[in-house]
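Below sits a lone chain in structure tokens, taken as the form predicted on its own.
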Amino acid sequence: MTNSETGLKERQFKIVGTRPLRPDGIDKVTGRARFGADMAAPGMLVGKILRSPHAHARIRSIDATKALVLPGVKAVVTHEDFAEVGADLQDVLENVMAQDKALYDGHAVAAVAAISAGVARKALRLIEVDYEILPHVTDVEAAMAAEAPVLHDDIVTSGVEPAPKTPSNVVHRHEFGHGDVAEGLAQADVVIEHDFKTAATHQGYIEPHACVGSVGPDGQGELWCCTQGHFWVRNTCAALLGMDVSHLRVTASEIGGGFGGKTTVFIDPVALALSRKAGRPVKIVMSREEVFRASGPTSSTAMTVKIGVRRDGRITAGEAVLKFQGGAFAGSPVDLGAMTAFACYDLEHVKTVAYDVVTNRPKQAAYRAPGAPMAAFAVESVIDELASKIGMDPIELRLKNAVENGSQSSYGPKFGPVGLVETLVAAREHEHYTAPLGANQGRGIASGFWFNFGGQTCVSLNINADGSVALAVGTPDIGGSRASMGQMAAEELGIGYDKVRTIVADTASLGYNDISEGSRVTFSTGLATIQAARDAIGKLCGRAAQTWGISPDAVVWEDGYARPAGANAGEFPPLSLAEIAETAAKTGGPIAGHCEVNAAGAGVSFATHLVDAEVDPETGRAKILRYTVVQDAGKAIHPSYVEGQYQGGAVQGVGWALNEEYIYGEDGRLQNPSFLDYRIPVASDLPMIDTVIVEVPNPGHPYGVRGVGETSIVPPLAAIANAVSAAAGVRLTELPMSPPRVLRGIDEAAANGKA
């Protein structure tokens, strides 16, 4: 699709689209960069959290008397040390510190601050908690059963008619779609229906959650933490502690991985509460076991998908039922999964029903495109099998039904300019698609979709006296965004990339910024950066006009210079940005550009993945041989970072599809809370992941940018499942496809005569 078709003007870029070195690279490879656990403060105490050993238990009492008299212990906090909050934050508060009940293995029930880690650990052992152990449930379908133990007496299922009158673990029923599915299925020549399951997985970030909190005697607080959204952390912590927002300043450290898992709060309010009580700064660093037991993994799911197709390849109807558990509190991303399920296809008849369910597990957190990979796994698996049944190439089947500009989406609105067709064509033309396969090998393909997001953003761009530029943004850099922002600022101003330094400002230095999530940063912060640069350019032109004694309307900005323009502008030599900045004190003072925006028009994104896999028929072990990602970036600001996002999503998808899962015992306790037992991919598990950047400009951004960080994790589960199923000769419908599951599938197929 051309720029004219998307409404964007053709533009030749000088810096955007190049691959400069990342500004934080040297600090990170030399160890100078400061992450969450690298902060220290004078008089700092060590905080430790006591966590429930039970999956579900009423807390009768907590007695910290013995801990408080232990030498070196300076404070103990429980739920009584936090403020009352509104309904919108009640679940956050209860997750930070258990109130009346512990709702999962690892739920925080108390915390101590002491002069050393050893003293703090000893103090935890001295805190006496009287539990009444209650029945628990960790499986999503078991939690929906009428006889299941109910976690919350105040949850009554919404979104159903007639409205229930008794509490349930089913929080909400969502429904999306249009047309008449029954009518559509009746028109089909082939109908396939399957049940699918996926396990909960963790984002697997290398850096555990860490923070240093300090509250002074005047009630003013400081917090240093690893987070994807320090403004949201500030607002949340202030509410939980009953503080004015202006009394808490939060600084985001470098982040050692997040992927959505650091978009919430776990330990930050606890550190602040301990500090307020102890009168000294408090540092808390989660252990790896705590990260697994008490921070947010994805949902586990149970899904049913039914799709009908004619012999000519036209899909007549699609239907899905999705059940996602979101842990102990409402808010699984099942609605996003439901909106994603059939988003790639232009269907006349489509319906998706989705259930948000609570279980005795830690509250789920985002993992890149939350909810989408699981739904795509189910739908794209059935699409693949339909193509095989009617003897059609799987890419051709997708092309025949792919959404385009103006297509009615399965979840409501009509699409604008989109790049799904372009990704499918690029995949079909890639030499990977026709490369030969060997024995016990199979090829899989899948497409995927993500909404992308804009949101509240504030940027400040300051012109220094020497002509260099300080760019302050409020979105933590989780994927190279400082470089991308610097490129866009330099492009607009017409100066060198090396003249721009981008920093992530603290919460006292900028207006509110939404979290770095939803693939929003390059889009929304980039848009704000461009607008801030244009604001500064207007002021630079005004200063030049003042210098020349002409009207500002008679000045234009071209390639880093102010130039007189128009018949009455006069003849003056152009002034560079540096020259204007040098005399700024004489023409009105500092020059800066600002932008505050609630960005809309993020532009959806599509991707298509190709995977080759090999299955050992004797052990069931699946190995990924080759992987190619094709994805629409709109406009790749820094192609290396875009490729890195593509590859990162694919790698995490490999782990999710083949190995990773939360395993709970009959006692409701997590059995594999370590990287030893929770198996993430290592280098030897992976091939080189090839990438193809498609660019269908997004008209909602001045440069055409679409977010890329989340779409890349949507197709892998399905693409890998299709490849492994082809290699094994049997349709596999449960993730992860660990060797025992694959071998069981092969053996069952052989026993049924289907192998």
Partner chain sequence: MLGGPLRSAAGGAAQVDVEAVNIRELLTGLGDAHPKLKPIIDKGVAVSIDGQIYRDAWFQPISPDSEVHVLMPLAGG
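All figures in this text were calculated on a predicted structure; none of them were measured in a lab. Positions refer to the first chain, counted from 1.
There is another form of the same protein, the form predicted in complex with its partner chain; it is not shown, and what comes next is about it.
Remark: none of the three candidate residues (18, 422 and 606) comes within 4.5 Å of its partner chain in the predicted bound form, counting heavy atoms only. Only one of 177, 229, 564, 442 comes within 4.5 Å of its partner chain in the predicted bound form through a heavy atom, and that residue is 177. Think of it this way: in the predicted bound form, its partner chain has a heavy atom of just one of 239, 143, 315, 366 within 4.5 Å, and the residue is 366. Its partner chain is not drawn, but in the predicted bound form it has a heavy atom within 4.5 Å of residue 601. Though the partner is left out of this view, residue 517 does reach within 4.5 Å of its partner chain in the predicted bound form, counting heavy atoms only.
Mapping the unseen interface onto this chain, residue 296 falls outside it, with no heavy atom inside 4.5 Å of its partner chain in the predicted bound form. The closest non-hydrogen atom of residue 104 lies beyond 4.5 Å of its partner chain in the predicted bound form. Note on the interface: of 302-310, 372-380, 407-415, 497-505, the segment with non-hydrogen atoms within 4.5 angstroms of its partner chain in the predicted bound form is 407-415. Heavy atoms closer than or equal to 4.5 Å to its partner chain in the predicted bound form belong, across 703-734, to one residue only: 710.
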